[in-house]
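The chain below stands alone and is given as structure tokens, in the form predicted alone.
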Amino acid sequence: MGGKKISIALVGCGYWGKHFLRLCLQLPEVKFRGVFDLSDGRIDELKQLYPDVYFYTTLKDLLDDDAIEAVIVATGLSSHFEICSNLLKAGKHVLCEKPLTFTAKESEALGKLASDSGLTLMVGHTFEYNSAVLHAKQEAGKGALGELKYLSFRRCGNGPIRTDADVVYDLATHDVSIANFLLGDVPDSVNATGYKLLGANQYDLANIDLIYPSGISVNICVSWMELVKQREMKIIGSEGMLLFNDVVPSEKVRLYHTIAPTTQTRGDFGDFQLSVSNNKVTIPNIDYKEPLREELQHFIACASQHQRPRTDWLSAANVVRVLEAIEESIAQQGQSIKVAK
């Protein structure tokens, strides 16, 4: 970028917004303009932490600030479409937290606005910038696991329970985007079941099966109901398995290579133990980087150099199409639903 800074503002400074604020103030390529947030209490807290940060009184004030080139939107899902529409109409590049919108039609409408104006519109599918997921794509792509058979995701924990989106839109978005990224495609069909175990009007547990054009199946379990946090991805192939466990402090990725049994089966417990652990395990040396920083720097580069983002609005719309099909399948008691293309 030749040393030129990009002028960025932030809309929404909750959990993810605070991380974006920290990064914007750290990155030398960012000239940070300020924050707009609806919560007076949150603003008071942030003013104590960041006394030099400017806070816009209204969203209109931010929209009318011609010095702003790009805006990060880290608000609730229900507000994404309206805020992003207004920002794009005001000539701002936009990075919006996931998922981009409730419906694919809304994502497409935002994409048209961005394309017609020559602006960058990017969605925060953060795991596509995760070092472990990038390594997994590399390993699978070079055939280290043999022929891919299926993928498995488990993303569970004790909340946090959201009011603006159910567990599918909140958590499964991550895994759908990862699966699309790893397989380079969009599923043909979806089967899903969902449950409202907490008595609210939204699903807090869902089991999802996706079938991709290649025949590879993907299973996703998402839940706000479990007391032990789990963030696990498995890629299973004919010659091994890759496990990514995001909650452990080290050795997050392990490669299991199937090897032939070395003993004849005797039918005793010792033989059983051998049979279930008869794998060669490799722990790759991965240079782990903060995914959100990588995502933000990619957005800055794309906005500054007029390049297409890895997670552009088309990627966002494809994920939302799958989410819509999941919701329809749940509503139809697990019936197989075709994903709109």
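Residue numbers here begin at 1 and follow the sequence given. Keep in mind it's a predicted model, so treat the numbers as computed, not measured.
Keep in mind that the form predicted in complex with a small molecule is not shown, yet the notes after this line are about it.
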Quick check: do I8, G111 and H306 each get a heavy atom within 4.5 Å of the small molecule in the predicted complex? no
Of S152, T103, Q202, S79, which residue is found within 4.5 angstroms of the small molecule in the predicted complex when only non-hydrogen atoms are counted? S79
Partner-contacting position among K31, K289, H298, R42 - heavy atom within 4.5 Å of the small molecule in the predicted complex: R42
Using a 4.5 Å heavy atom cut-off, which stretch among 225-233, 124-132, 209-217, 243-251 contacts the small molecule in the predicted complex? 124-132
Answer for Y56 alone: is it within 4.5 Å of the small molecule in the predicted complex, judged on heavy atom distances? no
I'd like to know if E139 sits close to the small molecule in the predicted complex, meaning any non-hydrogen atom pair within 4.5 angstroms. no
In the predicted complex, is there a heavy atom of the small molecule that lies within 4.5 Å of any heavy atom of L38, even though the partner is absent here? yes
Closest heavy atom of C13 to the small molecule in the predicted complex, within 4.5 Å or not? yes
